[in-house]
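Below sits a lone chain in structure tokens, taken as the form predicted alone.
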């Protein structure tokens, strides 16, 4: 195992690592996650997009209309400033990108494994934090809201669709989330390929 950690990456895998770093840069410019909402009063649907540093509506007025719906059932207003994690997430992404470029300069399998560990930690912490944010928004309701249903909570799904009263909310990774997941898969492939290459050289 120790020999594998210090094994130099092949030229092909070095290029793949460089590709991972460049692909991660795109996450600054596209949404990571998307939530869609359908309700009778909005037959065309509403959408909310979560970026690395902000929350926006799928269209200019969607977030405003979502907050209007939330007001009636007692949920807090959704604004980027209310989610402190969005302030440092760009720096976390920068750390991952710099790590990929450093691996290009120090092309060892151990660096690729470190990249896998970092992406898994960021992914798990990010998903838990997202679930916690959804839980707080869906359960900590205003007791003076115009519409109150005893025992009802409005936590959106972490993944998939959920019906709440006459509202259906769906939550899925957007393009940025797909890039993060693809980067992890690519790094796992690189480590697997290097392990296979090491075995073939021994034989």
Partner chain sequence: MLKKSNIIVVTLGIALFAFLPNCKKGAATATLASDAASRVYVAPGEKDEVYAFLSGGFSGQMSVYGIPSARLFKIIPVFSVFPENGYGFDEETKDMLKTTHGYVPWDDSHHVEASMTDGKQDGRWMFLNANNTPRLARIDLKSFETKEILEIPNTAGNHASPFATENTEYLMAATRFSVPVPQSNVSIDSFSKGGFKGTVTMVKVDKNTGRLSIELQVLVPGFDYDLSHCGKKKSHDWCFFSSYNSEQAHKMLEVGASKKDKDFILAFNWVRAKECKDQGKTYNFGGEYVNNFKEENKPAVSTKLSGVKMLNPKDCPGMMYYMPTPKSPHGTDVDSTGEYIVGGGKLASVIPVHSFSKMIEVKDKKEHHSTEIEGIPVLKYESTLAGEVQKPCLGPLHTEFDGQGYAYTSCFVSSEVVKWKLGTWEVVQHLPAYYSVGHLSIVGGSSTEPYGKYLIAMNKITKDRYLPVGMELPQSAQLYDISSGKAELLSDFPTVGEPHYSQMIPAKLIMDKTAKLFPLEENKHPYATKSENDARIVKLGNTTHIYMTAIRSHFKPDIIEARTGETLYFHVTNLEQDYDIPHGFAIGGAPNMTNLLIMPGETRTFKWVALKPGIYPFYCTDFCSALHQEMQQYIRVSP
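Note that the structure is predicted; figures quoted are calculated from it, not measured. Residue numbers count along the first chain shown, from 1.
In what follows, reference is made to the form predicted together with the partner chain, a form of this protein that is not presented.
Residues of just one listed stretch (171-179, 56-64, 31-39, 152-160) have heavy atoms within 4.5 Å of the partner chain in the predicted bound form: 56-64. Residue contact check for residue 143: none of its heavy atoms lie within 4.5 Å of the partner chain in the predicted bound form. The shortest heavy atom separation between residue 95 and the partner chain in the predicted bound form exceeds 4.5 Å. Interface membership of residue 148, defined by any non-hydrogen atom within 4.5 Å of the partner chain in the predicted bound form, is ruled out.
Contact annotation: residue 76 falls outside 4.5 Å of the partner chain in the predicted bound form, judged by heavy atom distances. Contact annotation for 46-80: residues with any non-hydrogen atom within 4.5 angstroms of the partner chain in the predicted bound form are 61, 64, 65, 68, 69, 71, 72, listed in sequence order.
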